[in-house]
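First, one chain by itself: the form predicted on its own, in structure tokens.
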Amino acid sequence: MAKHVFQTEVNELLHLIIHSLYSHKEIFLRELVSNASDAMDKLKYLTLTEDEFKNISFDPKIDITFNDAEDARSITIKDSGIGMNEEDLIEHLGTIARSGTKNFLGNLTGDAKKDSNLIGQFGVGFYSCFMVADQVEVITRKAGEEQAYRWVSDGKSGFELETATKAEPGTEVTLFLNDEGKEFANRWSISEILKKYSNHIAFPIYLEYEESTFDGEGDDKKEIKELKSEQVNDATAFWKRPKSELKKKDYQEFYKTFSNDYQDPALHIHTQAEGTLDYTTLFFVPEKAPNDLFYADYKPGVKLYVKRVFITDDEKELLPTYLRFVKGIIDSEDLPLNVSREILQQNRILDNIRKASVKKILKSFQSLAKKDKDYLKFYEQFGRPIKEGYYQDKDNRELLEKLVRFKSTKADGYTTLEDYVSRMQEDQKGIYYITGDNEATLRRSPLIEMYQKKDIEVLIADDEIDEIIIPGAAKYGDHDFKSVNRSNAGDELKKDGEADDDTEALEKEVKPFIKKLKKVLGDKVKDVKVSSRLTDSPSVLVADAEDPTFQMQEMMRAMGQMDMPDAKPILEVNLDHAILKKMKDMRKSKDFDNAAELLYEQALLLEGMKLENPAEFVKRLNDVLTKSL
């Protein structure tokens, strides 16, 4: 028997499950039954589509037995599914392959580790059996292979693996129950749990038990134990049942069985379409965002069935990437059973189902948006993917633009684009926004001083992807989006010719002063200009009209584009400010250079950017303070 050590992340996960889910012990049975159902889904598909599997005797069912003897309590879950070979056992029961789960585990600390709702997001529910068992034994044989294997573990340091014998393909999991699990080794507990959590499994689940009857009377009375087997679930595809028969609680319980999530879903969308296309879809939106929402190797949440035969749960094209948080089922009556992944990506039928499904989901989000508190909870979890869709999905932009929300200088919380437009001044044409990574900093930014003075609303775009999303959308209705972070921002707010003429005349008047500022700052800036937007602040940094902003440059580098050109900012100065007035009279003084550098550095700080040399900044500041005191 070969001994194996658990991967480090498995040890962490086992510890987390055992110590965090003690009040949810019964879910171990749901997880094992769900795994058995998935295994039979996969084999059913192969027996219908692959010649080498068509001769396999396939009788899909799950058999559950138990031993209630005081010193040998156990539960066995046996399925007739696809089974596992040695490689599968090591990969699925000894390793966490997805980097998203590894990263998530690594970041869990403190109270987060006590949140039982996190475990469902791992998709590794098998390990929950160690809450109730001191030892777990798996005997399994993969369909199409002759060799069976036995996997045994105490859930602590590792597992043992050896060859075994098994007459038919499938998997048999036996839990040798500990003190925490002994309460489940009886007919009534098992039956109750299965009816609660697994009634909607599409394959029959049989519970085997002994029933005592008595024959004779008096001293001749004898107990006769008879072995019986009872089907405990409906074994019908839940999503094919008429919606009129289903209650909210039914959907909630099915979702938990289907999704490995322990919370009720925030929303469900059930569609049964007949006509040109015959299909059923059932989609759920989780209460909380899955932990891999922003990982490239996220696990798709939608399963594809054809005529109730499972096809795949690993196809990211079933819904657009911005709806990757949606979980659910698509079941088509029109697709061929042997549809390949390549055909899936080009199939007209599936493309039409996909388009209709996206519209249905987005319209459901619109209905949710009528309930402000509910939609705010949804948006705090999934607002960023919705913004991605607003940028990516031009076919549904009109729906998505009603779903995006932004903070604003004139609204508490979030505002819609429609509400922003309703508050616009009569002659205002653009929708103004400021981007950065800190809401408080943006609200105090010198860049919005002119707009506040003119009582013009500015959207506070403090999500890093707003730098891409808003320019990509370009406009809302007839109104262009206009970034106040740029050098040409607000040009259209100036009265015809007036401000431009004033600024141009002023720049000519102070040309030597501006020239000296440029010389001191050198290649730190692209240009120095007299500002027409500042009222209270002495200086501000802006991006040239065609250049990427500071935030855009930082984001691109964070995404690995290290060759991103370093676009220098423009320094705008407010000549009406007391600091600039004094600087004009000290152009030939040595203190001028320090003041010029400080103008630039304080503008950097107001942009939320890091100083290149904090020590030099502090030294300059100390020099100025010393002379002023």
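Residue numbers here begin at 1 and follow the sequence given. Only a predicted model underlies this, so the values are computations on that prediction, with no experimental measurement involved.
The same protein has a further form, the form predicted in complex with ligand ADP, not shown here; the description that follows concerns it.
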| property | result |
| --- | --- |
| One stretch from 74-82, 143-151, 350-358, 395-403 that, in the predicted bound form, holds residues within 4.5 Å of ligand ADP by heavy atom | 74-82 |
| Contact residue in the predicted bound form, from K196, R486, K166, H92 (heavy atom within 4.5 Å of ligand ADP) | H92 |
| Of A39, M583, A603, L29, the one that lies within 4.5 Å of ligand ADP in the predicted bound form (heavy atoms) | A39 |
| Exercise: G125 in contact with ligand ADP in the predicted bound form, heavy atom 4.5 Å | yes |
| N574: touches ligand ADP in the predicted bound form, heavy atom cutoff 4.5 angstroms | no |
| Heavy atom of T435 within 4.5 Å of ligand ADP in the predicted bound form | no |
| T171: touches ligand ADP in the predicted bound form, heavy atom cutoff 4.5 angstroms | yes |
